[in-house]
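Next up: a single chain in structure tokens, the form predicted alone.
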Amino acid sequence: MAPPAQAHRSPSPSQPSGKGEVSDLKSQLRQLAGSRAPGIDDSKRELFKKVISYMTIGIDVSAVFGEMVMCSATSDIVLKKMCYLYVGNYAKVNPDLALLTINFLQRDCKDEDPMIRGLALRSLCSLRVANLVEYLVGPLGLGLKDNNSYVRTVAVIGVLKLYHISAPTCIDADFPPTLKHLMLNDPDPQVVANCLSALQEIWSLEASTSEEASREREALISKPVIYYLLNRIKEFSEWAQCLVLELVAKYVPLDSNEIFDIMNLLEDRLQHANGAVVLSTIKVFLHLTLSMTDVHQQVYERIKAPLLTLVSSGSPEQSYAVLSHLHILVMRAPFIFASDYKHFYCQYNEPSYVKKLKLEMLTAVANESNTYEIVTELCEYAANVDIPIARESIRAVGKIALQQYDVNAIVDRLLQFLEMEKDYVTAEALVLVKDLLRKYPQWSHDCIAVVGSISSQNVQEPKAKAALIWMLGEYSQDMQDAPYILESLTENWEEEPSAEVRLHLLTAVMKCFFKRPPETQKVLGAALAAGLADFHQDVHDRALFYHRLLQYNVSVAERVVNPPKQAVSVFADTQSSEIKDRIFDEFNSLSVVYQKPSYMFTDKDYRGPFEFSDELGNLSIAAESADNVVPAQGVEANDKDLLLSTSEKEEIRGATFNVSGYSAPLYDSSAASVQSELAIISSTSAGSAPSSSLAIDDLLGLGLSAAPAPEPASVPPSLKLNSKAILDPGTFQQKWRQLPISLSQEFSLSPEGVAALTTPQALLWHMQGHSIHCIASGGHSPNFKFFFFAQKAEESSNFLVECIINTSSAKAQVKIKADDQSTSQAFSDVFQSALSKFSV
């Protein structure tokens, strides 16, 4: 009986058609290895191309390593390049094969063709095998003395590679002094530039352990070296010029004559076609003249034209980078660029990121003389089809108004925005009108007349709705329908998703009550009741605070919630002057483009949530399924504990206190219930304060003492942990993937602990005090996620913990993995004990 036919699969043209393809390549290469026939190099090229293509798509062709080395015995430069590429790729993963290449690479390093010598030396240094460093010293020494500049250029970079493979070998071979000699004497500018780059890196790394290296590093910015490099700067490539200019920026001249000499020498670099060279030159000019105020201002005038030229020429990416540097200069000296504001007008074909930065520039350069033209231009952008740019343009108009430039005209423009039938325009304008009223209360009459005609149902964005509600509460005495608009918003409390809006609504209703009590009494009761029943902790706490404040003393409540206000003179800047100065010091770097100092995006402490997410890989909160997150809606019973009456608290704690009849109002829509509750509030005397046993009363500063019954002393856990435990993220990730889950539990947090968990860092310090360390953390209220680790004190046994906390439910879901699973329960007790003690 014949065997069943196998399914036919057509081979991919980019992959071997069968297992014997690599074997066929090997036999064909072996046949060609010793052949001297005419045209043999062409045949080798085709086979080499096939080998390289297989290697590129991930097919293992290491079996033909020996044949490739044998076929490299040719003078064809193309074959040499492909062979070196193949050898460099497999030498990294298979050091044993690298030994086969040493002889032919060393032989090629002595070839007559300087191109082959350079390629062979580069490939030899690229093997990066620690066991082969002894074979690099000889060829590198010869390469540094080679007559051809290309070979010397490659040899200099080879020295740097050798240093990273084996620093002692590089130092013992006296390569750094040789590089210094070449830097100061070699006629080829590229060799000089490579020497400078290599020496900076080597001596910077060596300076921490060697005083001599530290002195040599300082010698690089000495006057003889700086002047030597500056005199040859026109010979260098653009990259080398930037390298030299970066070094010159660190040089401290002895007097003003030196400063002017250097600036005169570099004057023509400001007209260079390459933007990087221009920015590097500008950095030198700015840093040299920091202590010379008048000259520094003249430098701004001198560099203005080159920068504006770079903005208008080149790609959008280059324009954005140059604009970012212009922006930081404009922030330091806006008056110098005020007359050039038209250069920052947006073009229709520019990307959004360039337009947004130009809007910031227009805001920065605005002054009394150009405000009208700039605001007119910005108002045109408000009708832009690009909605984000339209929003930014309206914000820019508001920022200019807050700078006290032509306020009358700008307020009229903003009020016109409110009358436009575009939701996003109205939303942005409302936010700006609120800020303007805080700074210019005298405009309240004109603004409120327009704001009062806006329907709250047409405003959906949280910030805009919050601004509208703020104005309804702040100017309720001037807005006839304010209590009734607030009443309709309160009736739709359950449908409002934004906690920010609900917080503003509570405060606005309180303000309106103090100004128009008869019309707002019913609304206030409903708002307080809804706030107390709210699941968001901040809303609940504010409603409880207002309720107790009103019950304590109505006049005191008015002084707290609605005191006389002074106009805001200056709005807080988002960046401190220290940060701006730090960015200026890092001119011509990514810090300017990111608009933050380098440590904020290089140091792990400033990377934000899950700063180790790049190392931990799949340990990301976004990667978790929705089932693992504690739902806020499922915790109503626990949250109700915050609403327990005094008598209920007494029954739970079993303590004897002088109990009052006070209890927090429940959410009841009936008018009778609301009015009776408010009757209690309004009838409270000014000097009386009802007693209460809730511990939160004292936290509110009402002078009401409440001593809760002492909790029973907990038995200290028996497991002892190492307080100085160390575990790197890579090991944590590997163990987390390999170890099974020992325990999966759910713990409860105390109300005090929930209140303290405003940021992840609060819990990290607490757990560290219990010898439980955090390796990654992130999230924001109400969901936080942590990865902890701990080690036993007497042995190196690790415990790994994933902890997901939902502050709305006061629950923590904990997964524990352990090297020794028999101790998992003991560690769980330690972890639960530490978590239960977390509080403010």
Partner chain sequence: MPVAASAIYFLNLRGDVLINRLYRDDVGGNMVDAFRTHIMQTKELGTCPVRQIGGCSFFYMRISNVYIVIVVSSNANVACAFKFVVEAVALFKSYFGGAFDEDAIRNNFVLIYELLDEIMDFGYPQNLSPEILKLYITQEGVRSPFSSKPTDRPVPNATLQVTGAVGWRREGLVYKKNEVFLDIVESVNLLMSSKGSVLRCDVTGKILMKCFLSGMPDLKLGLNDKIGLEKESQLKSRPTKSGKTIELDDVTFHQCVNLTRFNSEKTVSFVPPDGEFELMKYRITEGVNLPFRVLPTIKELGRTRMEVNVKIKSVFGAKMFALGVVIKIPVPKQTAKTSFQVTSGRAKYNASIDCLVWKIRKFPGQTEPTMSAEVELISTMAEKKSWTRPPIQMEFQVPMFTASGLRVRFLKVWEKSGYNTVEWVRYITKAGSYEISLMSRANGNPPFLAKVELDEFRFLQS
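Numbering follows the first chain given and starts at 1. A quick note: this is a predicted structure, and the numbers were derived from the prediction, not measured. Between two forms, the rigid core is the largest collection of C-alphas that superpose within 1.5 Å.
Just so it is clear, the following notes concern the form predicted together with its partner chain, a form of the same protein that is not shown.
Interface residue remark: Ala273 is counted as part of the site for its partner chain in the predicted bound form, having a heavy atom within 4.5 Å. The shortest heavy atom separation between Lys735 and its partner chain in the predicted bound form exceeds 4.5 Å. Taking non-hydrogen atoms only, Tyr348 approaches its partner chain to within 4.5 angstroms in the predicted bound form.
When its partner chain is considered in the predicted bound form, Ser444 lies well away from it, no heavy atom lying within 4.5 Å.
Annotated contacts: Lys92, Trp239 and Glu586 all touch its partner chain in the predicted bound form [non-hydrogen atom within 4.5 angstroms]. In terms of contact with its partner chain in the predicted bound form, the residue from Asp435, Glu752, Glu258, Asp76 that brings a heavy atom within 4.5 Å is Asp76.
Interface residue among Ser748, Ser498, Thr758, Thr309, judged by heavy atoms within 4.5 Å of its partner chain in the predicted bound form: Thr309. Note that among 102 to 110, 336 to 344, 736 to 744, 480 to 488, the stretch whose heavy atoms approach its partner chain to within 4.5 Å in the predicted bound form is 336 to 344.
The partner is not shown here, but in the predicted bound form the stretch 103 to 140 reaches within 4.5 angstroms of its partner chain through a heavy atom at Glu112, Asp113, Pro114, Met115, Leu119, Arg122, Arg128. When the rigid core is held fixed, the Cα atom of Val129 travels 2 angstroms or more between the shown form and the other one.
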